[in-house]
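Given as structure tokens, the chain that follows is alone and in the form predicted on its own.
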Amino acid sequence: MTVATSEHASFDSGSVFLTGLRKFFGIFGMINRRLLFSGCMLVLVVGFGVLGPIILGRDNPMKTVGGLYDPPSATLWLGSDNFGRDVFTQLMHGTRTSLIIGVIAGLEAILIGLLIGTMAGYLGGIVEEVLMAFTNVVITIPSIVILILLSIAISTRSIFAMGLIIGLTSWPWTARAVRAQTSSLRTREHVDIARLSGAGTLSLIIWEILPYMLSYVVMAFVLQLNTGILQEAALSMLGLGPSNTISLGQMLHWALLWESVRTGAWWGFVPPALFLTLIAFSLLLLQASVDEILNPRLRKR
């Protein structure tokens, strides 16, 4: 009788363990599939824009190879645009330009947001009030207005300059979130121990606070990257995009200006719009997948 009870209890505990194990790997398997899907999609888009022109030997997106909106053919895979330029070649170079601008804008926004947010959250007092007041003022001003004014003010809109301009308007939300997390982390025991050990303010922020926000910083950068790409597209569609180059937004600008929609030349606007959608979707899905992995409250039961 005792043996049977023991065997029954052992069977129950083993069954519960196996059920929990299957549930555990099922959850993370689903998350990893989403993460893998978004990561593969992003890698393909980046590879298309960065390695595509090198592999295919198409290094001049401004070269005229056809007439006004020639349809897709064996030589022009996606037809030609309003200036007779190869749309497929422009799509590769435009993807690369938009990604570079997004990376520059994302890095700048993250750096500014981290600097202001950590200083405000750790120092507190009048410093926090001043920095957060400045942040709130920047938030209330429509970013598109600042972007338009800055884009008009500069004479040459290079890729680097466009990234910097967009990054200058994208940091406030990151700064507010970082300030809230820093305010919570500065009261933790490990920070108090490091402070009692003689560590300075900069050392405490770098070694005791920032590492605990690394996961959030990565997710915020992904969102800032997506914002930078979409804002560049918005500026380019207004005719304020980067000079002497091509981007996905500029392709849409010329397509709308030369009425490719009305004339039925779908190859003029569908490819850049599709790639902008793919980039935004893959980045948002990547951010959501990483957030679900790192935040147990978001995991599906």
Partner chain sequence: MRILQCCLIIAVLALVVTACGAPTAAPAPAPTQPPAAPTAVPAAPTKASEPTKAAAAPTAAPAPTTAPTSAPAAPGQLPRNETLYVGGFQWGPPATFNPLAGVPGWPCNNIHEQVYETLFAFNQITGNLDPLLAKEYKFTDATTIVITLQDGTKWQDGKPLTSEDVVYTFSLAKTYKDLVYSDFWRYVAEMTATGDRTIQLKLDTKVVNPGIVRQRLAATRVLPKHIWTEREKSGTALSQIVDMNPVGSGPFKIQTASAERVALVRNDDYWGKTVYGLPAPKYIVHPIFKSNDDGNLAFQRGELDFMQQFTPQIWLMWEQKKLPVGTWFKQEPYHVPGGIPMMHINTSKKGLDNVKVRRAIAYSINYPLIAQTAMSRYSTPAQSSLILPTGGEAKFFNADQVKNLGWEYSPAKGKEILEKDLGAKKGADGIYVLPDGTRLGPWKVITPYGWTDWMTALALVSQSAKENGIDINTEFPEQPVVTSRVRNGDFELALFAITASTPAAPWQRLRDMLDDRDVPDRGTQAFWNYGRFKPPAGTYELLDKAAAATDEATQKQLFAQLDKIFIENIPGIGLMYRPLEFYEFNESVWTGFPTSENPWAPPMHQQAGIKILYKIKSIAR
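Only a predicted model underlies this, so the values are computations on that prediction, with no experimental measurement involved. Residue numbers count along the first chain shown, from 1.
The next section is about a form of this same protein that is not shown, the form predicted in complex with its partner chain.
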Decide whether Val50 counts as a contact residue for its partner chain in the predicted bound form under a heavy atom distance cut-off of 4.5 Å. no
Under a 4.5 Å heavy atom criterion, is Arg58 part of the interface with its partner chain in the predicted bound form? no
is_contact(Pro72, its partner chain) in the predicted bound form, heavy atom dist at most 4.5 Å: no
Going by a heavy atom distance of 4.5 Å, is Tyr216 a contact of its partner chain in the predicted bound form? no
Stretch in contact in the predicted bound form with its partner chain, which is absent here, among 151-159, 93-101, 114-122, 165-173 (heavy atoms within 4.5 Å): 151-159
To verify the annotation, which of these, Val43, Ile54, Leu36, Met62, has a non-hydrogen atom within 4.5 Å of its partner chain in the predicted bound form? Met62
Looking at its partner chain in the predicted bound form, which residues in 114-150 have at least one heavy atom within 4.5 Å of it? none
